[in-house]
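The form predicted on its own is given below as one chain in structure tokens.
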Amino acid sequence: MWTKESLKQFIEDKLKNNKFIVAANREPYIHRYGVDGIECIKPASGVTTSLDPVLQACNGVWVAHGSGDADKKVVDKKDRVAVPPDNPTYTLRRLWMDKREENGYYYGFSNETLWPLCHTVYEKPKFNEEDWNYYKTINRRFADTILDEIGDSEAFVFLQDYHLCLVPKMIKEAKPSAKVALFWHIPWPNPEAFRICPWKKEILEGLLGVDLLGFHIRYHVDNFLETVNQTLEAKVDKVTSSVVFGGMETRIRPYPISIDYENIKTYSKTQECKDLSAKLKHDLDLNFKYLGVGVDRIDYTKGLVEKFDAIDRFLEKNPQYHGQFSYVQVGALSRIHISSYKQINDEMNSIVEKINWKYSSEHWVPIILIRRHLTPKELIALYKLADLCIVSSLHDGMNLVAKEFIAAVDDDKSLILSQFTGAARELPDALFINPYEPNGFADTIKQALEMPKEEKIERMKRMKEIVAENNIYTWAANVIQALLKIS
């Protein structure tokens, strides 16, 4: 089992004089102006939550967009700042964008084109050439910043997600000796879905600049190989999961991402966590017999409306739970500049208001929405209060909330998990739902609450074993080991 310490030792032994650079659109720490001056927060992001402990273990460099309003105030002349702020162990290198660039690259091409293109939730992608041009501009900026960090050294570069499709080819053209991997954190669609993109060839050619391309599950690997096979004049080997294009070989592999299991588990047993749970229970007035919890960005792929429809159906079919069961939904506003996100936010507010009006009594409401940012410690404390967690994604590369819940809670709890998540492939002891089928979904909520304690414990123990063994350090070690094997 890999740990933070063993990964650190492994990297020191194997990488030696090679720089280890991670690049992602999202930064792991954001500086912003608060009431008492500049404060540093950790954003709500599965990618940053997972990768931060890896960087802490290997003393690397994280290249990211500086999005905080005080970010420029704390960096040096090279736009660098040491993080984490309380115990610096690695370097955060920030790059900058103006509003037009951010709107075109991030809100436009990344999240109105690639995001709906890759998620099968029937949201039509938009293809705007101006957004594509901004995407190319910012990808070039990322590549130049990474190359500046590499300098004359040799380097392992680990790129993250769909925001940086074009960066691998740019790095390889300038620094052929660099070892480059990219992990695609969202699903890869089937070829029929991807073929409608006007810039599909440029995107695939950019991605095939990597030595190693990772997805969460084998299904996405197979979709990518078939997409390349139908789009480019390339040698695709489905047996070895590799593509030879432009004289270079790219290995494509499944690496299910995970969490720092031991860290979450350890904190969940502290007195600080118990006190924080008690405070949340008091502040939210959670004095009910049964409690469910969900933690999601407000996004149309997360199945939030479908989840609330199922809770409505559950309460309709099971009036004995009125006044007994409440559901806490933590939902951070996301990409609100995009009309489809504003629409899902408005729709969610409307259905929650309708359900609460329909069922609430003087001292009870069935659904409690938390809109404010919760720290990682607050989330663990909230998980500890819950009897069950519902992950209802309509399509999800992995979903780390499911794994965080497993690590945080006692054994007699239940996880309800959409069959359309990557996590469903790893966690067969979860209770699976089809979020599009509200009656069956409602019955599964009842099943989770009424399941015998012994069965809950057996299921949760098996899930804990899986998540503990396949932790974030195992994920990182597998990727680095694969890179090291590439000559």
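Just count from 1 along the sequence shown to find any residue number. Just so you know, these numbers come straight off a predicted model, no measurement behind them.
Beyond what is shown, the protein has a form predicted in complex with ligand GDG; the following relates to that form.
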Quiz item: Three residues, V295, K302 and T375; all within 4.5 Å of ligand GDG in the model of the complex via heavy atoms?
Solution: yes
Exercise. Only one of L385, I196, M248, A332 comes within 4.5 Å of ligand GDG in the model of the complex by heavy atoms, so just point that one out.
Key: A332
Quiz item: Tell me, which of K446, R32, R462, K42 has a heavy atom within 4.5 angstroms of ligand GDG in the model of the complex?
Solution: K42
Quiz item: Picking from 451-459, 57-65, 430-438, 42-50, which part of the chain touches ligand GDG in the model of the complex when contact means heavy atoms within 4.5 Å?
Solution: 42-50
Quiz item: How about K307: is it within 4.5 Å of ligand GDG in the model of the complex, going by heavy atoms?
Solution: no
Practice problem: Please check if H185 has a heavy atom lying within 4.5 Å of any heavy atom of ligand GDG in the model of the complex. | Solution: yes
Quiz prompt | V236 within 4.5 Å of ligand GDG in the model of the complex, heavy atoms | solution = no
Quiz item: L379 near ligand GDG in the model of the complex, any heavy atom under 4.5 Å?
Solution: yes
Self-check item: Contacts with ligand GDG in the model of the complex - residues in 391-410 whose heavy atoms fall within 4.5 Å
Solution: D396, G397, M398, N399, L400, V401, E404
